[in-house]
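First comes one chain, alone, set out as structure tokens in the form predicted alone.
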């Protein structure tokens, strides 16, 4: 197991917001400089889940985000994740204000739990620090001059592409051995930094056995990433890879 950067999660510390790194369909990533009580400093990525269906002027600005969530088709990802209280299940079904809050909390909790599990299993994911309300703090991948680029923008040489693909295969095998599918894997949800491939964005990750569409999500992940690598000259058979992964379940 990789070492736990304990000072990052032990109080007291002070966070300084350095601005927005990236904003997507479901979340905004802010860059935070964390000042430890012993004088140590480091950069932290803070993922802020965007509110849904906010239309009132000024609300988004007051919340410190640039836009509302545009992610709508999340029901299929939530299959297999149950709310224990019947009141909560009804609220989510009606999509009341309370139900939307429950979903927001559940996505934050789910991503943190999945990444913690996968980090402990050895997958190359940013170290999950903590979560609260609509924010999830994690290890920042990059340096003070720039954040790690998405794989799709990394401009890899031929040997680096081959290495990245081997790291991808190792990561997929580990994911499936843990019984998980990413659910939205693509060259946009992979980072490349210092010759290392990083897996990110796990709010929609599914338990393959618990979710009726789990195998379909896994197949989609495999096809998506294999298609990208094939376009860049890495010969790969997605169906053969999918069959190999199924044998791990």
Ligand SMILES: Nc1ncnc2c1ncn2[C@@H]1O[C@H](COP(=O)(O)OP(=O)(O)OP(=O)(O)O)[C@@H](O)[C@H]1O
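Residue numbers count along the first chain shown, from 1. On a predicted model such as this, the values are computed, not experimentally measured, just so you know.
Missing here is the form predicted together with the named molecule; even so, the following discussion is about that form.
Undergrad: So, residue 224 and the named molecule: in the predicted bound form, are they within 4.5 Å at any heavy atom pair?
TA: Outside the cut-off, so no.
Undergrad: With a cut-off of 4.5 Å between heavy atoms, is residue 231 one of the residues that contacts the named molecule in the predicted bound form?
TA: No, residue 231 is distant from the partner.
Undergrad: Taking any heavy atom pair closer than or equal to 4.5 Å as contact, tell me whether residue 168 reaches the named molecule in the predicted bound form.
TA: Contact check for residue 168: no, nothing within 4.5 Å of the named molecule in the predicted bound form.
Undergrad: Answer yes if any heavy atom of residue 150 is within 4.5 Å of a heavy atom of the named molecule in the predicted bound form; otherwise answer no.
TA: Close contact exists here: in the predicted bound form, residue 150 approaches the named molecule to within 4.5 Å, heavy atoms only.
Undergrad: Exactly one of 200, 215, 32, 197 has a non-hydrogen atom within 4.5 Å of the named molecule in the predicted bound form; which residue is it?
TA: Filtering the options by heavy-atom distance leaves 200.
Undergrad: Heavy atoms within 4.5 Å of the named molecule in the predicted bound form: which of the stretches 173 to 181, 154 to 162, 140 to 148, 116 to 124 has them?
TA: Stretch with heavy atoms near the partner: 140 to 148.
Undergrad: Relative to the named molecule in the predicted bound form, which residues of 20 to 48 have a heavy atom no more than 4.5 Å away?
TA: Residues within 4.5 Å: 21, 22, 24, 25, 26, 27, 29, 45, 47.
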